Each structure stands twice: as C-alpha cells, then as structure tokens.
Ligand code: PLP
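One chain comes next, on its own, written out as structure tokens in the form predicted on its own.
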C-alpha cells in the first residue's frame, strides 16, 4: 500500500485517511465551490502563484470569502510539501488540489446563510508512464454532443466545482474510446473537458478565445513561450473545417503540459505526431518544469 500523504482540511493537517467532511457541506450537496490543481514535478511546485491568483479570481466571482489571504495559503502549501516530500519519490508528478466550498449548509438551504468556507489542500499522483506514452504517441479526440456551457450562463474563466457539463463530455468521449473535444453552442471549437486545445495552421498557433474557455495556466505559459520562440499565435474562433486544414493539434494541461493529438474526429494532422512546433513547445516545458516525461516512457 502506498504511503498516505498529509493534507489540510479546515485548520488541521492530517493524513489523507483521517480527512472527513460532513455530507451537509455545500460542495457535496450543490457543487458550490471553486478549485485549482497545481502540478508538482519531482517535488517542485510549478506556477503555484498563478494557480492561486486564479483561485482568488474564481472566489470573487462566486462570492465566497475564504477568510484567508493568498500568501497564507501559499505558505501552507509549501509547508505541506515539506511534510510530504520524503514520500513523493524520484520521477514523480503530483496534482496539488486546492478546493474551496461555501461550507456547511443550513436548514434554510440559502447560500447567504452557509459557512464558514471549507478549504481542502491535498496531493494526488499522476500516472507518469501512461502520460509519457500519450506524449510520445499522441491522443485521440472525438467531438461530443454535450456543448460547453456558454459564458452568459456560467463564466467559463472561473474554475468551479460544478463539473457535470465536462463530466458528461468525458463519458461521451470514453464511449468512443477517446478524449473529448467540446464545441460551443455556435459550433466553434471550445476545449477538452480538462484541457485547452490548440492547432497549428500554416505555421501559426490558433486557440479559442478566452471568453469561450477556461483560461488555463499552461495555456498562458504557451503564450509566453511562443512569444519567446517567435512562434505566431492567435486567439480566434475556429471550427472542425479549420482543424481539417491544420498541420498539428495538441492539448495543454497542468500535469502533462503539452500533449500531442494524433486524430480529431477521424481527421489527422498533416505533420507527423508530434509536429515540429509541438516538439519545440514540449522541449520548452521540459526546461520550464525540469521534468522530462520521455525518460519514463514504457519500453
């Protein structure tokens, strides 16, 4: 059995198996909360401040007052890292979760009557060999029937715990033995259920505009890297037609950075997988994170 790691729950640091939460918490009852997942590569937290910045933007949007400052949570996270470090292991990648809910519900079931907020900070391991295989071979995407919730209904840029929209997309794609690619209500490409999506068309990176997707931290880093490497990039709406004319496709997410896509709805990129621009970005992330997945690819 793997070593239990330490987590934080509402003022206490405990082992994972000791963490307990009331079923009357509004996170359980209503999905009423926000969250972040920060990657930890070989014991090094990557872009923690960026993730906590977004956590606090999401908290403002859903009107939850955490009653803790961002610097306090950052220190808490580093303290937990030091406690867990002896158990993380060489060649490890972990997802560090920061979950915040509105707290305990009351008999009135009114949001304004709930609280104080619940804060849960925890570590979850990434299957490194499986991730390395996907990065080497690419993944397959299918366009799913479930559309991304439009911003006028629920702001896509907020990272909320109400994930049924994306979970249904994941289930639909899983039935097709693939990962999901969600469209918006107008038929434009939005994102994967847990990752942002990019294409390369005539040497230019295209990705859907921020108003239509979760503004991923890794997406943001791709913007920074592409600027540094002088790779042109455009935020713009596009459809399956544009995908069919493209040289490369890839996903971005916090734990695996850049994952090549070998097929979208039966459409294959015109370049090899991974393509030349995707390879440049993958190499840049190895430098950024200090972690090279290719070393852990199954033989």
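Numbering follows the first chain given and starts at 1. Predicted, not measured: the structure shown is a model, and the values here were computed from it.
Missing here is the form predicted together with pyridoxal-5'-phosphate (PLP); even so, the following discussion is about that form.
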Heavy atom distance at most 4.5 Å to pyridoxal-5'-phosphate (PLP) in the predicted complex, all of 42, 49 and 96: no
Segment that reaches pyridoxal-5'-phosphate (PLP) in the predicted complex - one of 121-129, 217-225, 75-83, 172-180, heavy atoms within 4.5 Å: 217-225
Position in contact with pyridoxal-5'-phosphate (PLP) when the complex is considered in the predicted complex, options 195, 141, 200, 100, heavy atoms within 4.5 Å: 195
Proximity to pyridoxal-5'-phosphate (PLP) in the predicted complex, single hit among 133, 147, 163, 87 (heavy atom within 4.5 Å): 163
Residue 238, heavy atom within 4.5 angstroms of pyridoxal-5'-phosphate (PLP) in the predicted complex: no
4.5 Å heavy atom contact, residue 26 and pyridoxal-5'-phosphate (PLP) in the predicted complex: no
is_contact(residue 253, pyridoxal-5'-phosphate (PLP)) in the predicted complex, heavy atom dist at most 4.5 Å: yes
Residues in 280-299 with any heavy atom within 4.5 Å of pyridoxal-5'-phosphate (PLP) in the predicted complex: none
